[in-house]
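Okay, so here's just one chain, in structure tokens, the form predicted on its own.
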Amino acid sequence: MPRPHDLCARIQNAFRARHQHVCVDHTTQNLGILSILLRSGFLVSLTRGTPAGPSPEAFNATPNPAQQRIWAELKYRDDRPVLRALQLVSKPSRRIFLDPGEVRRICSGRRAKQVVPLGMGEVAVVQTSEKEYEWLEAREAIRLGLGGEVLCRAQ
């Protein structure tokens, strides 16, 4: 399974370099994390494509999965990036799993394990063991009563 550190680094570097689009590998994990960022208002749009550019037609015509990419259009307000930081919480050497009560704690402003509480306008991505709800924002996980691995946080 791919690790989310590559996605976090690519998106953060693209925002800092003031790029309009960023290209990442097409995996279910990347698609899940990017869709949460899109719903939270950090991205403008997501498009499937190839390394050459965002094109759904070329994506569908590409038989090689290694050539499939996700293109994310980055959001800026007053010429400043909307996303200030995209940080990993769970790392390969130290994975952080939280039960539903601990997820509720970090969303309500209290520390749970080694996870710093979420601030205003900040979201955390939780990977659950449920196949139907595999990638959730922390507040959605609370609503559904699910816990899991906290992968990253965006502010």
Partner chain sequence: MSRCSRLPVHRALRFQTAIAPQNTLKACVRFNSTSLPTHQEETETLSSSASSSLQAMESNAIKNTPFRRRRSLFSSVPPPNLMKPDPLFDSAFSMTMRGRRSKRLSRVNIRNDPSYASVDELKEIMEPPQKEEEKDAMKALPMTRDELDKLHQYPILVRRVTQQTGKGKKHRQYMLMVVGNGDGLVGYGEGKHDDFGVTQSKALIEAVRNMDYVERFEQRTIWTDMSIKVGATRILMRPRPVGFGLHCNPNIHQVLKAAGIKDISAKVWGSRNPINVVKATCMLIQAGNAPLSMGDGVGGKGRRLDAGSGMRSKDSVERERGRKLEHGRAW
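Quantities reported herein were computed from a predicted structural model and do not represent experimental measurements. Residue numbers count along the first chain shown, from 1.
Separately, the form predicted together with the partner chain exists; it is not shown, and the next lines address it.
- Within 4.5 Å of the partner chain in the predicted complex, a heavy atom is found for none of Phe15, Ala17 and Glu73.
- Here the chain stands alone, but in the predicted complex its contact with the partner chain, taken as any heavy atom within 4.5 Å, falls in 40-48 among 88-96, 61-69, 40-48, 24-32.
- Using a 4.5 angstroms limit between non-hydrogen atoms, Gly121 touches the partner chain in the predicted complex.
- With a 4.5 Å cutoff on heavy atoms, Arg143 counts as touching the partner chain in the predicted complex.
- Annotation for 137-155: interface residues with the partner chain in the predicted complex are Glu137, Arg139, Glu140, Arg143, Gln155 [heavy atom within 4.5 Å].
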